[in-house]
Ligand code: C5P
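Quick heads-up: it's one chain on its own, the form predicted on its own, in structure tokens.
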């Protein structure tokens, strides 16, 4: 018996880091949308084992993805077994499309896909509340991927609520071009740089006011876009702001970095051709740069 689970990427349409917490994490207010683009995870029931060794295994088609105990898929599997008491075994196969070090949530999405897969294989042993609790233990933005809808994240990312129906309607289905240079940006470095710079935080009240005004009105998503992690990343990785400025000037786009980067995105008009934009991206960042057109879910 096996199940196949889609593991979507995400982008941060609005990301306001509001300050550093006593526990070392950061508080944020963010509007996040899953994409129609992502990875695929297959989970197959293995032979039942009395010991933990080899109970859960992982194979991946991407050589740079670790398949040992550091991978969140295997961490999620072990947490699911401990939480639910499920005694089965499973073998995972990951088809990797979401690049690493991109700010697209690939690892967190994979972890939630593993929880979903095991819940199906085990006959639904975990309740929705248990799945959310496990997701929150695995990572700050994991809970988001249980919603499969545009949502607002708060706290360190574990407090998630869906956008209102009216606001979500302005998000869902929008064309988006997601593009990434050959290099990635380590999330710990990005947050550490924000701490060192000190002045990039946006007060929580201001972030909430901006989000509330957009949610209550009828403005398009373009008027919501914000990412206050950009200054720290742009200070070191000059290729990012240089290209984004060209895309604004030449194509009238409103491009932004997603999360801590290095992936960026630009919302597209329904009639907008992508080929010239992709050509400009590859001219600036070289042939190894990736560019994927998809839609917001």
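Keep in mind the model is a prediction, meaning the values are calculated, not measured. Numbering follows the first chain given and starts at 1.
The next section is about a form of this same protein that is not shown, the form predicted in complex with this ligand.
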Within 4.5 Å of this ligand in the predicted complex, counting heavy atoms only, one of 22-30, 238-246, 59-67, 266-274 shows up; tell me which. 22-30
Answer key: of 172, 125, 147, 156, within 4.5 Å of this ligand in the predicted complex (heavy atoms) is 156
Only one of 188, 85, 198, 217 has a non-hydrogen atom within 4.5 angstroms of this ligand in the predicted complex; which is it? 188
Can you tell me whether residue 139 touches this ligand? I mean in the predicted complex, with a 4.5 angstroms heavy atom cut-off. yes
